[in-house]
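First, one chain by itself: the form predicted on its own, in structure tokens.
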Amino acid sequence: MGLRGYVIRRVAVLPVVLIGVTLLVFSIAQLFSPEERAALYVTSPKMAEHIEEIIVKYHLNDPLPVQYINWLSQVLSGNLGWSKSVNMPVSKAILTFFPATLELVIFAIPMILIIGVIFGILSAVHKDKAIDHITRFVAIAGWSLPTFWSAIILLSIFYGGFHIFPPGRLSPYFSQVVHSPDFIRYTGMNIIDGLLNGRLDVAWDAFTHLILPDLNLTLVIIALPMRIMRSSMLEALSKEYILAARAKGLSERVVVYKHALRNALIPLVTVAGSLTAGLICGVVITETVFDYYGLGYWAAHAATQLDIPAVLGFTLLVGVVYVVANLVVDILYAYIDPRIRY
């Protein structure tokens, strides 16, 4: 099977998986009473005053298949309910907070993967030497750190001690600039929008606010790609074709970076996809500690306010993001390693 056929087959399975995700979220919703589930169909504060009418209209006391079909039709039309924690529809809340988290992830993922790959390779090439022991110690220490603890320490050192890299997304002055009529919001990401508006000062201020959250994510997560890269590289370096390349007199740099690295990167592709999806959906603690108004901050705030539509909408988003991320990973995996297509 060629790459095109493999991709078509994987894409064809996607709707089935997505239906499974919706069934899971719908099953979670059934833990609540019809009055509480009625909030999933509210599109404005005024509708919240007519709960009994909503229960009848959307058949919330009918058999489960009927309820599921009605709920799914609302989801497909973009109605995920009303989020009382931010006083807006859930779909609008997702569109509002998603760019902030995406901006955080866009800068965090390259740092995590590049640093993880570099030190994973160095650790494997210099196995059982000083650099190997140091990188392994750092990886284990970082993986063991509670996210909230490392975030508080970073804030205490840099913002509390040196008064640099403040929390939040923007300084008060630049926040006013961004929300002024003269500033056009193209993407919702402050750095990109600042550049597109010709406001380098806005872009720089937004970047300084990203440094500590991204550093915190890197410290905590970098252990995973580093250890995977080390294990994959050690396995690749022990293969017969590597021994043959060395026997031909090729330099160690050519052997490591041309012959071993490509095969060693294959397991990291899967990890990269899962990491990206996890960061998009799971930076709740980091965003909360750094007062960074993204999806994670909104989800945590919604949970404390018992905002059921927001929590279920966030859960549905998490499922969709992971499904799409796994699809992308499968396609990349098949491209890198043609054996997967068969």
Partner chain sequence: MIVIVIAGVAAYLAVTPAPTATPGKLNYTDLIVQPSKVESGKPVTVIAELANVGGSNVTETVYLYVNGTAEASKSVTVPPGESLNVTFTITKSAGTYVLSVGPLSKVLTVLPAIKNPDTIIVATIGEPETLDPAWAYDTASGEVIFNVYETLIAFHDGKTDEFDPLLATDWYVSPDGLTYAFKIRTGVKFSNGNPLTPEDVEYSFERAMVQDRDGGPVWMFLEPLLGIDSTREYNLTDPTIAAKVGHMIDDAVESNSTHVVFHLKRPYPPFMAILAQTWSSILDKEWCIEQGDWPGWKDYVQWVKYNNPETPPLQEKMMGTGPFKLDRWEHGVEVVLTRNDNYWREPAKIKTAIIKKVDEWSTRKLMFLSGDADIVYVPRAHIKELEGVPNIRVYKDLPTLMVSPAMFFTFDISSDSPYIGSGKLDGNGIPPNFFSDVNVRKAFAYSFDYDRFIEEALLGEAIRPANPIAKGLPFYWEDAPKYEYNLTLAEEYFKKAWGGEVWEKGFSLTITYNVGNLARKTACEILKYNIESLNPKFKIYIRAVEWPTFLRDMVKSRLPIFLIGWLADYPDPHNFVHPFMHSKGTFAAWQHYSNPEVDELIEEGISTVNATKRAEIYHKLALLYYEDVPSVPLAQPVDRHYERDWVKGWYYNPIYPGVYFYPLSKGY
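Everything numeric here is computed off the predicted structure, so don't read it as measured data. In this text, rigid core is short for the largest set of C-alphas that superpose within 1.5 Å between two forms. Numbering follows the first chain given and starts at 1.
Just so it is clear, the following notes concern the form predicted in complex with the partner chain, a form of the same protein that is not shown.
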{"item": "Residue 107 within 4.5 Å of the partner chain in the predicted complex, heavy atoms", "value": "no"}
{"item": "Proximity of residue 144 to the partner chain in the predicted complex, heavy atoms at 4.5 Å", "value": "no"}
{"item": "Partner proximity in the predicted complex: residue 237 to the partner chain, non-hydrogen atom cutoff 4.5 Å", "value": "no"}
{"item": "Proximity of residue 65 to the partner chain in the predicted complex, heavy atoms at 4.5 Å", "value": "no"}
{"item": "Sole residue of 73, 208, 251, 176 within 4.5 Å of the partner chain in the predicted complex, by heavy atom", "value": "176"}
{"item": "Heavy atom within 4.5 Å of the partner chain in the predicted complex - the one residue of 60, 312, 42, 280 that qualifies", "value": "42"}
{"item": "Stretch in contact, per heavy atom within 4.5 angstroms of the partner chain in the predicted complex, of 65-73, 33-41, 312-320, 270-278", "value": "33-41"}
{"item": "Contact set, 293-332 vs the partner chain in the predicted complex - heavy atom within 4.5 angstroms", "value": "293, 297, 301, 306"}
{"item": "Post core alignment: residue 70 C-alpha displaced by 2 Å or more between this form and the one not shown", "value": "yes"}
{"item": "Residue 147 C-alpha moves between this form and the one not shown by 2 Å or more, core aligned", "value": "no"}
{"item": "Residue shift check between this form and the one not shown, rigid core fit, residue 38 Cα at least 2 Å", "value": "yes"}
{"item": "In the predicted complex, whether the C-alpha atoms of residue 98 and residue 39 sit closer or farther than here (change of 3 Å or more)", "value": "farther"}
{"item": "Cα-Cα shift for residue 173 and residue 301, closer or farther in the predicted complex, minimum 3 Å", "value": "farther"}
